[in-house]
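Consider the single chain below, provided in structure tokens and representing the form predicted alone.
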Amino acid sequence: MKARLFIAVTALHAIVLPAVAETNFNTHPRFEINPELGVAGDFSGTYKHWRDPSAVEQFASVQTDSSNEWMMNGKNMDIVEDDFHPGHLAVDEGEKLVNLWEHREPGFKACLGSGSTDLEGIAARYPLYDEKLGRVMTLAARVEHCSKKVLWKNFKQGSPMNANITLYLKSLSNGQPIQIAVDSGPMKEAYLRGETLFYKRVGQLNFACASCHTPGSIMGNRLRGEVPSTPFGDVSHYPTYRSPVGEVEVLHKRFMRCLKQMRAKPLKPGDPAYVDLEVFYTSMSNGYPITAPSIR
């Protein structure tokens, strides 16, 4: 009996193993993404529904269809007029903090603006490579850096104070299209690392970001109480007030939440891996206008 069982198992392995060897269980199947196209390169086929307010209005009927509402990519929540939510309070708090600390320690605004006190429009250019610091900087990283350099404080990334200031800075670029360059140098390197991370399977569930946000995956299908949508255009509304968690959620905290749902160990906001992911995600929002404050 044991001999027959051994022969059967050996035979089964002989059939199965070659097929398994051809599959890379550490990487989700890749899709062609052209960073030069930015948000217009969306591979979900839903871009036409949410590319601008007129498109959102045109496809208003989709918003009432629970099975297809995901096709709006949440952008229908960004054009509701007179929609006051806690995100507006966070912007006000961020503005107060910037003005308070600028009054106490002149130079804070200039640091935030990389030498200029005019902070309008700067958020649309982040993340960017800072030659003086020798690293890729996110907007939240800039806030943390300036708090240490000028204020002798530490507004850590992911903290409410950092989130409020970051959201305030983002609001000063409201309506401006995101435009970062990832075609060369350290930014291209960060983009490529971020792309690799997007497809890398991790955690007990062996999920990748792509497992929920690419065609043929869970995208468009119900995952418990949520229906994952395309990653294109997502960065435009972060930091965003998240009603399910009752706080302003920065992009890196969203990454943390996703990793927890994938049963993987989350990293801290500001981790280099998250910076690379943010570069990759932001490139997929190139050309799309910032909406701040927003609610999701």
Partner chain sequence: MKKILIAALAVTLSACGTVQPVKNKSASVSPMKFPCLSYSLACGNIPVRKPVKKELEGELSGNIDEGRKIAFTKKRGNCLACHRMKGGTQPGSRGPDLTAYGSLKRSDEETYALVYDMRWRVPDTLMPPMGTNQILTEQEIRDVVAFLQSSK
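Residue numbers count along the first chain shown, from 1. Here the structure is a predicted model, which is why all the values come from computation and not from measurement.
Form predicted together with the partner chain: not shown, discussed below.
You can rule out all but one of 192 to 200, 150 to 158, 106 to 114, 119 to 127: in the predicted complex, only 192 to 200 has residues with a heavy atom within 4.5 Å of the partner chain. In terms of contact with the partner chain in the predicted complex, the residue from 259, 55, 62, 40 that brings a heavy atom within 4.5 Å is 259. Only one of 253, 28, 49, 242 lies close to the partner chain in the predicted complex, with a heavy atom inside 4.5 Å, and it is 28. Using a 4.5 Å cutoff between non-hydrogen atoms, residue 264 counts as a contact of the partner chain in the predicted complex.
When contacts are judged by a 4.5 Å heavy atom cut-off, residue 207 counts as touching the partner chain in the predicted complex. Put simply, residue 76 is far from the partner chain in the predicted complex: not one heavy atom of it is within 4.5 Å.
Though the partner is left out of this view, residue 216 does reach within 4.5 Å of the partner chain in the predicted complex, counting heavy atoms only. Contact with the partner chain in the predicted complex holds for all three of 211, 272 and 276, each having a heavy atom within 4.5 Å. Applying a 4.5 Å heavy atom cutoff to the partner chain in the predicted complex picks out no residue from 123 to 162.
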